[in-house]
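What follows is one chain in structure tokens, specifically the form predicted alone.
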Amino acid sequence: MNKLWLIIKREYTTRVFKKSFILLTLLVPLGIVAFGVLVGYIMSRNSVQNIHVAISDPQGMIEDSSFKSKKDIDYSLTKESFDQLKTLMKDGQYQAVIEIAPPSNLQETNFKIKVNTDERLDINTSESIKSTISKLYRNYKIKKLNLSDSTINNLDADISLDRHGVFKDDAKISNASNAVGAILGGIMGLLMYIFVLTQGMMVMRSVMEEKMNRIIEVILSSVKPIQLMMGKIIGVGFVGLTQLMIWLIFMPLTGIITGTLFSSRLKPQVVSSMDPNTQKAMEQAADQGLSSILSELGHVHWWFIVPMFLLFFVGGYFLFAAICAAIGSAVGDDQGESQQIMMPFTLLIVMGLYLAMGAIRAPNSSLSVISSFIPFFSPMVMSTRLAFDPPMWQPILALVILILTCIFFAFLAARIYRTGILMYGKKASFKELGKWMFSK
């Protein structure tokens, strides 16, 4: 145990006290916020092309008072035909001419509008033009059918669901419950994905570096292979936990400070760069108001969610770290070989992230429930579902399955590691890996 502790201490201290680790840990929360703001700003600034469009309306379908230009597309309403506007297009005054005419049947809903232009209209620009023309035809129909604005507005119905418990003690839960659950679930699932993948790859690189530098031969003269592998996995895992705890403290503070200083200008950009499910949850949360959100956060079972999240984090990390350690010991000097072998397991992690995104929208669906019991997916999917208060037996059963799977894969990885770590010059075949697993 003393030797194992020394290996864990060495792996932990050599990484945590590096300048790169300190800078990365402190700057990543700021970088995430800055990245979201920058991406949202770029997307919002380059949404459509800046062009001047003439709308040819010889029959007077549109009234000047009912038409407004868009921000990036400058529309001009004219009664001249396209043949008369060709000269202006040639001179560069217009980049496109749209020909419209009153519909012969007010019940008609599908229209094919002719756009005369030599420009390549991108998707956003085309959608913006279609939206504008659609509103013009809608307003024309409303006018011809003698419908008032109040009548049209009264056709809409804004529905909000007010959930009341029947047999449970929580007699009433605020409307912000689903929004808060989706936000917390999305954050926990994303953190799990990032750390399981990055820390597992860190273990594999550490094993490969010591093997290629022949340092491993000196180390194994005083410790057993299983001690060295477990020391690396546990030491790097503590590094990930340290970084995770620091980020869980600093990221909310960074978001609060940034939101306080720049909320009016940055909110649309930040929200637009998020995952669609989390973005919708953020919009719902904003509609509920700050008081409802704070009230709902007080009803979250933190005493259960936080420990279970950390346990799933440790289990998910240990499972993939053991696989990465085995792969790092089995490959030769070519690091590209490790990437090829690691690809199927990386795809499993990515698939787990997508299942977690689906669990944000439907946490109690059959797919979400079943995938939360599969060990390769449960760290991310169940971490996402924890915020939606699933039955207690589900996360406990998923955790037990994950722990048993970790023990099994750690056993297999240790048997591969003890043989592969001292082999040089060639890539181990799957047949050889099978022999290593079951040889004495």
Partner chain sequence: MSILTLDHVCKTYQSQKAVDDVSFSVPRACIYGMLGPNGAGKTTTIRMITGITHPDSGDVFINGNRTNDTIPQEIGYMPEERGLYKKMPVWDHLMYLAQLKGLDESTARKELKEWIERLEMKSWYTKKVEELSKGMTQKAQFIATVIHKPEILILDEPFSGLDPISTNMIKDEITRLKNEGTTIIFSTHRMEQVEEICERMVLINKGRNVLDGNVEEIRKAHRQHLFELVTEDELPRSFPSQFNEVSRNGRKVQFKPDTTTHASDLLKYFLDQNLHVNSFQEIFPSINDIFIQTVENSNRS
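Positions refer to the first chain, counted from 1. The structure presented is a predicted model; accordingly, all values stated were derived computationally and were not measured.
Form predicted in complex with its partner chain: not shown, discussed below.
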(message) For the interface check, one of 95 to 103, 352 to 360, 218 to 226, 78 to 86 should have non-hydrogen atoms within 4.5 Å of its partner chain in the predicted complex; which one?
(response) 218 to 226
(message) So, Arg138 and its partner chain: in the predicted complex, are they within 4.5 Å at any heavy atom pair?
(response) no
(message) in the predicted complex, does Leu422 come within 4.5 Å of its partner chain, counting heavy atoms only?
(response) yes
(message) Does any part of Lys143 reach within 4.5 Å of its partner chain in the predicted complex? Heavy atoms only, please.
(response) no
(message) Under a 4.5 Å heavy atom criterion, is Lys130 part of the interface with its partner chain in the predicted complex?
(response) no
(message) Going by heavy atom distances of 4.5 angstroms or less, which of Thr109, Ser126, Gln339, Asn213 would be at the interface with its partner chain in the predicted complex?
(response) Asn213
